[in-house]
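So this first bit is one chain, no partners, the form predicted alone, shown in structure tokens.
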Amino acid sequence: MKRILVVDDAATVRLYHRNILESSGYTVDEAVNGIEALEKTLQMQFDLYIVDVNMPKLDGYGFLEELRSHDLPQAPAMMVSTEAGARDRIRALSVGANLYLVKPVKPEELLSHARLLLGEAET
């Protein structure tokens, strides 16, 4: 069973993502910011990260920079944000995001992109 870490400071967003992903058979863990996400990454391996941009303590950019620059277990990362500018997308990709989506993300969109990044996409 694939394990996904949802990193977002908004409890409602974490719950939204959790419900969608768990209903499709994924195991979901949560972190409220980049620091907690790094701590969880040291404790267990994830198959996918779904990361918000704007969070206290360590934002999504900082989390991915730290994750990608250290000898930590690596997995694809989907960054999800309300920031819709091209500069935001470029910055996300430059720090190691594999995909950048703008909120709100529809359930079928979240699932299809998760499956794609997990290598489960139907052909």
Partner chain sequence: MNPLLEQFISEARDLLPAIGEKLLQLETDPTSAELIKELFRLVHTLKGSSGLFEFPEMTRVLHAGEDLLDRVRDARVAYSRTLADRLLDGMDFVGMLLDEIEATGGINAAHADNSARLAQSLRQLTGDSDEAKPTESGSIAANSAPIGLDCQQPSNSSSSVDLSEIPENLRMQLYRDVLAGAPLTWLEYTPEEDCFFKGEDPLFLMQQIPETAWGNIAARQAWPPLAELDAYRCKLVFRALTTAGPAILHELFRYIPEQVCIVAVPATALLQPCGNENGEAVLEAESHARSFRTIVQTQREILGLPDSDALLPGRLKSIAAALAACLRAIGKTGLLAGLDAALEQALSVTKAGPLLAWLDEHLPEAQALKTAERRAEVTLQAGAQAAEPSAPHPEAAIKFGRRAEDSISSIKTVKVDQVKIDRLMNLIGEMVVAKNSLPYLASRAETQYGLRELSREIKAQYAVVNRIAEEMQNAIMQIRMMPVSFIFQRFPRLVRDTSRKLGKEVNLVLEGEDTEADKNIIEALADPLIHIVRNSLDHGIELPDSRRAAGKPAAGCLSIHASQETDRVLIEISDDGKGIDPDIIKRKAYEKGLIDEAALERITDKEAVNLVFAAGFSTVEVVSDLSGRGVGMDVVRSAVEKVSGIVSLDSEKGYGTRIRLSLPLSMAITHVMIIESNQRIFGVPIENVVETVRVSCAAVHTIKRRLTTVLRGRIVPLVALNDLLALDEPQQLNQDNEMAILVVRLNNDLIGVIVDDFRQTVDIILKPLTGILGGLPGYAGSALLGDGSVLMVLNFKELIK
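All values derive from a computational prediction rather than experimental measurement. Positions refer to the first chain, counted from 1.
In what follows, reference is made to the form predicted together with the partner chain, a form of this protein that is not presented.
With the cut-off set at 4.5 Å between non-hydrogen atoms, does residue 75 touch the partner chain in the predicted bound form? Contact with the partner chain, yes.
I'd like to check something about residue 54: if you look in the predicted bound form, is any of its heavy atoms closer than or equal to 4.5 Å to a heavy atom of the partner chain? Flag for residue 54 set to yes.
Report yes if any heavy atom of residue 69 sits within 4.5 Å of a heavy atom of the partner chain in the predicted bound form; otherwise report no. Result yes; residue 69 sits at the interface with the partner chain in the predicted bound form.
Distance check, residue 29 to the partner chain in the predicted bound form, heavy atom within 4.5 Å: Residue 29: no, not in contact with the partner chain in the predicted bound form.
Within 92-120, which residues come within 4.5 Å of the partner chain in the predicted bound form, counting heavy atoms only? Sequence-ordered list: 93, 94, 95, 96, 97, 98, 99, 100, 101, 102, 104, 109, 112, 113, 115, 116, 117, 118, 119, 120.
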